[in-house]
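Take a look at the structure tokens below, where one protein chain is shown in two forms, each on its own, as structure 1 and structure 2.
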Structure 1
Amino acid sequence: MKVWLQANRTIVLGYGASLISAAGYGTGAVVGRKIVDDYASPLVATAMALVLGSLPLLLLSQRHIANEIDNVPRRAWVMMALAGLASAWGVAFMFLAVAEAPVVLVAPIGGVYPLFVIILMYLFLKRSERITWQTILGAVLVVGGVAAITVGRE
């Protein structure tokens, strides 16, 4: 087992980070509902969540930013800006969604993002990422599960 873990360290780290990401997004949806119900509008909640979430990351990465800022190509800055904007829109619409619909409905619908990932990978990353039938099947199962949850709520 130890040898397998050492040989597959990046895969294990990737899966671990994915699970932590899922826990973070799940927690964010529940906490987001509490915030928009009791404390702030969805747009104010979005702004504060993004600012307060970015500050610790900025503090943790400041040394790396200082070392790398001159070496980052302009195209990378554009891509980072697009990624940031897409993430910000995702957070904003998550807060808007939980303000209007039950979290148990919003969270699974937000979980169909693998379908968007696959479509965008196919359009933009054909050369660097391979889409297998297992990946497509997984996305179809996710979407099917979301459909079952959505239909089951009515």
Structure 2
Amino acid sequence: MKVWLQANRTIVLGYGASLISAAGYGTGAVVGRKIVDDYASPLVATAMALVLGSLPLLLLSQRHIANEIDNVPRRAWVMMALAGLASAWGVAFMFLAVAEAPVVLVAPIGGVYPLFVIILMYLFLKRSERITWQTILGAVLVVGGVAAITVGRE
């Protein structure tokens, strides 16, 4: 077991990080619902959360920022800025969608994004990641499962 863990350290850490992220987003959704019901509009809550969420990351990355500003190519910064903008786009359009249609319809459709990731990776970054049938079938099962859970909760 120990040998296997050492040999697959990157993969174990990567999947572990993804699961922690899912737990964070999943728990955050419960807290977000409470905020939107009782305290603030989604847009104001998201804006404040983005600012507040930046502060711990500023502490975590402060030792490396100056060095990275000097050494990281501009293209990487542009790509990361686009990642931030695309994510903000996603959040904004999700709020707009919820305003237009029931959550039971919007949430499963918004949840198909892993399938879009697979399509985009295949179209633009084929050489970076191997897309296997297990990846595609796994994504279809998760997207379908999340849709069923959403329908079951409504």
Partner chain sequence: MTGILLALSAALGFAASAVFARVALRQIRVTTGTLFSLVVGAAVVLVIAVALHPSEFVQIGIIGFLWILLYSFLNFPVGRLFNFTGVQLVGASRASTIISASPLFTMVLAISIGGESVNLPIVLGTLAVIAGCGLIVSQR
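Basically, rigid core = biggest C-alpha set you can superpose within 1.5 Å across the two forms. Please read all numbers here as calculations on a predicted model, not as lab measurements. Each residue is numbered by where it sits in the sequence of structure 1, with counting from 1.
Engineer: Of structures 1 and 2, which is the form predicted alone?
Structural biologist: Form predicted alone: structure 1.
Engineer: Fitting the rigid core first, would the Cα of residue 26 be found 2 Å or more away between structures 1 and 2?
Structural biologist: After core superposition, the C-alpha of residue 26 moves less than 2 Å between structures 1 and 2.
Engineer: Superposing on the rigid core, do we see a C-alpha displacement of 2 Å or more at residue 87 between structures 1 and 2?
Structural biologist: Shift at residue 87: 2 Å or more after core fit.
Engineer: Can you give the angle in degrees by which the smaller rigid part turns relative to the larger between structures 1 and 2?
Structural biologist: The computed domain rotation is 18 degrees.
Engineer: After lining up the core, report the Cα displacement of residue 113 between structures 1 and 2 in Å, one decimal place.
Structural biologist: Its alpha carbon moves by 2.6 Å.
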